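We begin with a single chain expressed as structure tokens, specifically the form predicted on its own.
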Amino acid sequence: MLEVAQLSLALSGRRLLHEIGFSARPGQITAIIGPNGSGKTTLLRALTGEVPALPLPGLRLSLNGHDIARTKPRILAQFRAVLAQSTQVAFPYTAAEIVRLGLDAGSGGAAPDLIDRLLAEVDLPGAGGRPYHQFSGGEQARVQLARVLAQARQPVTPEGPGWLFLDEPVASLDIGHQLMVMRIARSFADAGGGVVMVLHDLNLTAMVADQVLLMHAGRLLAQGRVDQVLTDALLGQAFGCPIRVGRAPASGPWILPQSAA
């Protein structure tokens, strides 16, 4: 389990997160949503130990029982993989070499054809030999996703459940590949892993999330199930505009700005 209590964070003297508390369970997708500048990416970076939390009384930040701040990254990498919002690659790697970085960071060996299978899973079959810099932005994002899946290839590991931390994993993707990413995340969670991801698309959030964290001004404005958080009132308060949450027969909620309804 991911356990968070009294998580606050400041950078350059400015408080960015205020007393965040929640838990995320394996077998579920936790989506972090909110307007620009609300602290979504900062929260994800704190959850992965990339930026240190303020050492305030009551602080708790643990994953599978490990104190994230005090556990070596190599240990965490055995059951947790992180997809950043953007990744700069300075060397002329091929797609296969990028994915292999994930294999090297994870635990244990792998089947000889795993890299090819992972690239095919993200709809890049046979692309292992292509130079990374020759891919489009959306294709590069999918190569990076394959790298993350290579690292966290087991939803359940000897160290406990595996975890995916994904920061805007569909930002540069077309609708078909957005749905592909959602299917991959859902499959990972259904197999016993945990997924925590930042999303801007509220309809994708409604489609896949088991738990929603709604951020506003560095605080958790609301947390809970989709039907508890994705409401007209809460979304309107967070995003500062009228928002209507509809519900179609035989489907979940869908969200439109009220002016477009």
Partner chain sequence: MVALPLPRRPRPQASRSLPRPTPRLVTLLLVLLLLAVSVISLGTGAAGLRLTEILPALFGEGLDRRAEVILWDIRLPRLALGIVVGASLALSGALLQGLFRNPLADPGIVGVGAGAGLGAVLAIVLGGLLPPAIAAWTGLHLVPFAAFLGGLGVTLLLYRLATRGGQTSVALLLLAGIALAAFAGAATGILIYMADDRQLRDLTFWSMGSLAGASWAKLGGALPLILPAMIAAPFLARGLNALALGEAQALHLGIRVQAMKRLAVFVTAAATGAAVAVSGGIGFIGIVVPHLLRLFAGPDHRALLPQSALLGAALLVAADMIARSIVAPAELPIGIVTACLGAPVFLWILLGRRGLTGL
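Numbering follows the first chain given and starts at 1. Keep in mind that what you see is a predicted model, and the values were worked out from it rather than measured.
The discussion below concerns the form predicted together with the partner chain, not included here.
Q: Under a 4.5 Å heavy atom criterion, is Asp113 part of the interface with the partner chain in the predicted complex?
A: Close contact is absent here: in the predicted complex, Asp113 is far from the partner chain, nothing within 4.5 Å, heavy atoms only.
Q: Quick one: does Pro73 come within 4.5 Å of the partner chain in the predicted complex, counting heavy atoms only?
A: Contact check for Pro73: yes, within 4.5 Å of the partner chain in the predicted complex.
Q: At the 4.5 Å heavy atom threshold, is Arg130 in contact with the partner chain in the predicted complex?
A: Heavy-atom contact with the partner chain at 4.5 Å: present for Arg130.
Q: Would Gln144 count as touching the partner chain in the predicted complex under a 4.5 Å heavy atom rule?
A: Gln144: contacts the partner chain in the predicted complex.
Q: Name the residue from Leu179, Ala77, Ala171, Ala191 that puts a heavy atom within 4.5 Å of the partner chain in the predicted complex.
A: Exactly one listed residue reaches within 4.5 Å, namely Ala77.
Q: Just to confirm, with a 4.5 Å cut-off on non-hydrogen atoms, which of Asp67, Asp210, Asp201, Glu50 contacts the partner chain in the predicted complex?
A: So the residue touching the partner chain in the predicted complex, by this definition, is Glu50.
Q: Counting only non-hydrogen atoms and a 4.5 Å cut-off, give the residues of 61-94 close to the partner chain in the predicted complex.
A: Residues within 4.5 Å: Pro73, Arg74, Ala77, Arg80, Val82, Ala84, Thr87, Gln88, Val89, Ala90, Phe91, Pro92, Tyr93, Thr94.
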